[in-house]
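One chain is shown next in structure tokens, namely the form predicted on its own.
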């Protein structure tokens, strides 16, 4: 096991910089997840860490060792890809043993490592089968097992569950989380699925256009997003972001206006009258049941009833759209005018550059 440190890491493709001086610390034994939209640089950053792509600037350390110029094998990493990349003509045992033979381990050492990993992954009864005789989840476990037996300093996962169906992804998430905790190996995991990120990570790194937007624990990013990008990316459905004007600042609170409505009592004193701000409210923090705090009206444009939760899609008079996640089966009709409420401590404010304003 080892810590992972990135200092000013840059990557350039055809004179286009795709990683802009990434600084990051991954603690020994920590599970870190990279998330971001397609093209944000998360897979490129993983490939740079693995040694599959050369660094064009900065330093990469595994433990105390600078590994910029080392090959993937010399770095002591093991990588699990989106595709299982198993040898179809080899048994599960031989697939897991292949890299160990290249590393020069004895037959007894190989057998010992494979049986220990197979037991952890519930593959011990499948070692004689070939990949074609396995389910998708079993093949992914073989790919993970092949990484485990290498006894790496750092595990790297590149969207390993994206080829699985929804139910199997849930099962594999639980297995990966359990396995990482038992092995206590430093792990970097790339995904576009924020549910995976929120449920697996000790720490999430949100990337956008080759830059780190925010680093923190899952609930840190959920409760205290640093900017509108993180606010809109973390959480499902996404946080509502409503553009408002600052009408007045009175002591510890401010009065905002959106369209033809006034939202008073907003707890924020760092605002200037006349400026534009974004008011952020998560759908689950809005309710059509009357409550304390702020309120505003919208016309009901669509309803999605999922049983335990009903999603209400409202449109305000200025065209802004707002999503409300209401518990249970709320009986409303499309076209209705609906008043929604939010508690003051659930509000987020962002300045005109998208940066979070703290009360």
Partner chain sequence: MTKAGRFPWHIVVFVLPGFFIYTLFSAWPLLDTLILSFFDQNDTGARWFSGLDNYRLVLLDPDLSAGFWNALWNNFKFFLVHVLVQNPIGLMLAALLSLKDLRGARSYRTLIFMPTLLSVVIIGFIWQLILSPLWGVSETLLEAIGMANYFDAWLGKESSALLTLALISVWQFVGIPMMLIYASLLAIPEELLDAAYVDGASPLRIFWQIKLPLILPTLGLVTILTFIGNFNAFDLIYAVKGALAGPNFSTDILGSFFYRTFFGFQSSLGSPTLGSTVASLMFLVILAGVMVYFWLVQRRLHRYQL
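Computed from a prediction, not measured in an experiment: that's the story for all the values here. Superpose the two forms; the largest set of C-alphas matching within 1.5 Å is the rigid core. Positions refer to the first chain, counted from 1.
One more form of this protein should be noted, the form predicted together with its partner chain, which is absent from this view; the next part is about it.
Asker: Please run the contact check for residue 47 against its partner chain in the model of the complex: heavy atoms, 4.5 angstroms, yes or no?
Answerer: Judged by the heavy-atom cut-off of 4.5 Å, residue 47 is in contact with its partner chain in the model of the complex.
Asker: Taking the shortest heavy atom distance, is residue 73 within 4.5 Å of its partner chain in the model of the complex?
Answerer: Yes, residue 73 is a contact residue.
Asker: Does at least one non-hydrogen atom of residue 51 fall within 4.5 angstroms of its partner chain in the model of the complex?
Answerer: The answer is yes: residue 51 has a heavy atom within 4.5 Å of its partner chain.
Asker: Going by a heavy atom distance of 4.5 Å, is residue 89 a contact of its partner chain in the model of the complex?
Answerer: Yes, contact at 4.5 Å.
Asker: To test your reading of this chain, name the stretch in 92-100, 223-231, 175-183, 196-204 whose heavy atoms come within 4.5 Å of its partner chain in the model of the complex.
Answerer: So the stretch in question is 92-100.
Asker: Heavy atom within 4.5 Å of its partner chain in the model of the complex: which of 117, 239, 142, 79 fits that? Just give me the one.
Answerer: So the residue touching its partner chain in the model of the complex, by this definition, is 79.
Asker: Looking at 170, 219, 85, 249, which has any heavy atom no more than 4.5 Å from its partner chain in the model of the complex?
Answerer: Looking at the other structure, the residue within range turns out to be 85.
Asker: Going through 131-154 from first to last, which residues have a non-hydrogen atom within 4.5 Å of its partner chain in the model of the complex?
Answerer: Stretch hits, in order: 146, 150.
Asker: After the core is matched up, is the C-alpha of residue 130 off by 2 Å or more between the shown form and the other one?
Answerer: Residue 130: C-alpha displaced by 2 Å or more between the shown form and the other one.
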